[in-house]
Every structure is written in structure tokens, then in C-alpha cells.
Ligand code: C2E
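Here we start with a single chain on its own, the form predicted alone, put down as C-alpha cells.
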Amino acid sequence: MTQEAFEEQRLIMYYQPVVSTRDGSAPGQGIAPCQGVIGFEALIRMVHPQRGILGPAAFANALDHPRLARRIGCFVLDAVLTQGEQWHRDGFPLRMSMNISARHLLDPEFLNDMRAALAAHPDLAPEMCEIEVTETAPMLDFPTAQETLRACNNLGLRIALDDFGTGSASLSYLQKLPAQTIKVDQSFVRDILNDPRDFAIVAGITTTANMLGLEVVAEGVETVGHLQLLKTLDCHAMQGYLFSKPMPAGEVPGWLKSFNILNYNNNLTPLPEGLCRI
């Protein structure tokens, strides 16, 4: 199904914003040019003739298949960098984040693919591109993954560890892998208002990452309560349905023009006693 969709050009990219609640500023970037929007994560979708738009859960295994992983990976690189380049030309200097499968990351040709994609899109600076890898991907071949990710940093790319906390990796990963961003998995963020254990996990990851100078992005932010509690943990970069579901590229300019993080920051109320404590 996936190979057919790929060959028929029925794989498309949707985009979900990553925002900063730091008074309209992106971490380390001063005043953000898009009212607190740091950038967008690109998420692959399949257009099915009968079932409509399908998320990656419907074809996840194929994304890491030996015959398809690199081909789909190259498609994603080109599609996302093409879109990012266009947005930059249109006056939207946004960071573009893209997911890289474990198999493509560990492919001997990955760095050549990455260099070719960057060379084909010279109007998008490598510093505005971020590749996301799950914390489990490097464990398949840690030395190769470590070397490849360092080479990506040398190209100017940012590295994000996605779904952090869901695998068996330890915090030592933050020392050994050249990442600039940690994305706290939504399975922990979703219940931080009610589950002290999830709260403690998110607080621990955020504190450690901040002390190491890493950006922390909380995934799965669905309510103003989540936003408010995360701010007390000094986690200011967020992604989730509170701000927007993933959307087609054509909807992004209109969303950007209407979005302002101050509309959320200015409507916060005091948290109940005890929620700010571990």
C-alpha cells in the first residue's frame, strides 16, 4: 500500500507548529517574527483513495522498510526543505523539523542524501533545519548514529531527540548524543495535571535538559492548564492541539497571521495550591 502510494505521489506532508511561551520570543532568538512560533514539525500523511488522509500509524512499518526507508526519507527531505525555502522567501523565517527513520539515519548514504538536499535548497540555511530521531534509533548502532549525528551538526543542522522518555535510553544519552532539542513525549505531558509521577518525569527531564543548555519541547499540550504548569517548570517550547492540529502547507500562512502566543499568556489564572510542586 505504501509503495503504491509513494509511486503515485499520494504521500504528502502536514505541518504542526512548535511555539514558545516566552513572552513571544523563541528560545535564544530574541523576539520571534511570527508571534511566538518557533517553527513547524513536518508529519507524513497518505492520501488513500477510499479512506482519505491517513496518519503514519496506518503505515508505520513501511516507513522503516529496507526497500522504502531511504526513498521515502529522500522524499521527506526534499518536500520539507522545498516548503521551508518557500516560506522563508515569503517572509516566514521558520525552523523546519523533519522525522528521520532509524533505517535511513543508519544508511551509508544518509549524509550524502542530506548534503544533496541542502545543496538543492540554498535559500534555507541549515541552521533552520532540524532532524528528529527517536531515542531508540541510535541504540540499533550507537557508534554509527553518534558519528552521523555529529556530522549533521557539522553541516549546521539541529538534532532533536523525539519521544524522549518512552524508550530504554537513559539520561546519559544527553551527554553522548549531539542533540540541541529534547522533545518530551506526549504520554507524559498529557496527564501531568493529575498524575504526580508524570509530573515528576517531565520536571526531571526539563530540569536536566535546561542545565545542559538544551531546548525542551513538550509534546501533546492540549489545554491552557498544561501550558501554565509547564511554564512553572521552565519549559517554554510546546506543541499540541491547544495551538493547532497538523495542517496542510496551504493553511500555514493564514494560521501564522492569526496566531499570537500573547493571547494564551494573557489569559492564565493562578494554579491550584500544590500543582507547582514535585
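Note that residue numbering follows the sequence shown and begins at 1. Just so it is clear, the structure is predicted and the values come from calculations on it, not from any experiment.
Only in words, not in the display: the form predicted in complex with the named molecule, which the text now covers.
A249: heavy atom within 4.5 Å of the named molecule in the predicted complex? The answer is no: A249 has no heavy atom within 4.5 Å of the named molecule.
Counting only non-hydrogen atoms and a 4.5 angstroms cut-off, does V76 reach the named molecule in the predicted complex? Yes, V76 sits close enough to the named molecule in the predicted complex that at least one of its heavy atoms falls within 4.5 Å.
Touches the named molecule in the predicted complex: Q186 (any heavy atom, 4.5 Å): So Q186 counts as contacting the named molecule.
Check V217 for me: does it contact the named molecule in the predicted complex (non-hydrogen atoms, 4.5 angstroms)? Flag for V217 set to no.
Considering the named molecule in the predicted complex, find the one stretch among 36 to 44, 227 to 235, 206 to 214, 249 to 257 with heavy atoms no farther than 4.5 Å from it. Flagged stretch: 36 to 44.
Which of these residues, N99, Q83, T181, T148, gets a heavy atom within 4.5 Å of the named molecule in the predicted complex? Comparing distances to the named molecule in the predicted complex, the residue within 4.5 Å is N99.
Which residue, D163, D191, D141, D107, is the contact with the named molecule in the predicted complex, using a 4.5 Å heavy atom cutoff? Residue within 4.5 Å of the partner: D163.
In the predicted complex, do M13, L63 and E222 all reach within 4.5 Å of the named molecule through at least one heavy atom apiece? Answer is yes for this spot.
Pull the contact list for 117 to 145: residues with a heavy atom within 4.5 Å of the named molecule in the predicted complex, in sequence order. If the 4.5 Å heavy-atom criterion is applied to the named molecule in the predicted complex, 117 to 145 yields only E132.
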